[in-house]
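The data below hold one chain only, encoded as C-alpha cells and taken in the form predicted on its own.
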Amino acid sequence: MSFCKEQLTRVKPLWDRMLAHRFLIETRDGRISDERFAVWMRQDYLFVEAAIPFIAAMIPRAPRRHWEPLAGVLGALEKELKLFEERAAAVGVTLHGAPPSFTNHAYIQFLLATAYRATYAEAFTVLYAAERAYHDSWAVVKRGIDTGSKWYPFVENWAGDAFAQYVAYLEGELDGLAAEVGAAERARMAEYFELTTKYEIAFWEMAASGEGWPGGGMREDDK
C-alpha cells in the first residue's frame, strides 16, 4: 500500500470526523449563518497568507523537479487571496483587522515550524495532508450546495477538477518521497499527517464556534 493510502486508512476515523463537521454540513445545506462563514473567511485568509512563506521556505530544500510546481503553488495562493478579497467585497465582509484565533495561530506556527525545522519530506507531508483535507472537505459541500449560493466560488475553487489534479500530483510525489526515506523519517511523516488532520478538524470547529483564547482572550466575533 502506498504511503498516502496507508495514512488515509490509518487516520480514517479522524478524516470521517472532519468530513462530517457541522460547518461543512451547514454550508452544504444553506444553513450556515453569514457571521459564522465570515469567521472562516477572515481566519482562512490569514492562513493562506502564512502558507506563502511556508511554500517559499520549502523551495530551496526541494528536489529540482519540485521547483516549478512549488512556484506554481505560490501563484495559486495569491489567486486564493484575491478570491477571498473579491468575495468579501461582494458580501460586505471585512477581511482585515481580525486577530488570528487561538487555533489558527497554533496551526500557522506549526506550519512555519515544519517548513524551517522538519525535513523536506515531512513538510511536503503537511502540504499534501492540508490540501487533500480541503479538497475532500469542500467536495462534501459541493455535493449539496446550491450553485447560486454566494459561497459557491469557494466550493468550486477547492472541489473543482483543477484542484483535484493538483492534489493527485502531490499524492504521487509524496508517495515517491516516502519510498526514498528511512523508517524513522517515514514514521515522523506519518505523525505529521495525523497532526495536520487534527488541525484541520480544529480549524472547522474554530470557524463554527468563533473561539476565544484561553484566559478570556478576545473572540474573533468581538473584533
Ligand code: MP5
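None of the values given here were measured: they were computed from a predicted structure. When you see a residue number, it is the position in the sequence shown, counting from 1.
A second form of this protein, the form predicted together with this ligand, is not displayed here; the remarks below concern that form.
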Answer key, this ligand contact in the predicted bound form at 4.5 Å (heavy atoms) among 185, 44, 194, 156: the residue is 44
Which residue, 139, 83, 77, 112, is the contact with this ligand in the predicted bound form, using a 4.5 Å heavy atom cutoff?
77
Only one of 126 to 134, 113 to 121, 145 to 153, 89 to 97 sits within 4.5 Å of this ligand in the predicted bound form by heavy atom distance, namely 126 to 134
Triple contact flag 3, 67 and 168 to this ligand in the predicted bound form, non-hydrogen atom at 4.5 angstroms
no
Check residue 59 for me: does it contact this ligand in the predicted bound form (non-hydrogen atoms, 4.5 angstroms)?
no
I'd like to know whether residue 190 contacts this ligand in the predicted bound form, with contact meaning heavy atoms within 4.5 angstroms.
no
Contact test in the predicted bound form: residue 48 vs this ligand, heavy atoms, 4.5 Å
yes
Could you tell me if residue 37 has a non-hydrogen atom within 4.5 Å of this ligand in the predicted bound form?
no
For the heavy atom contacts within 4.5 Å of this ligand in the predicted bound form, list the residues of 1 to 30 involved, in sequence order.
none
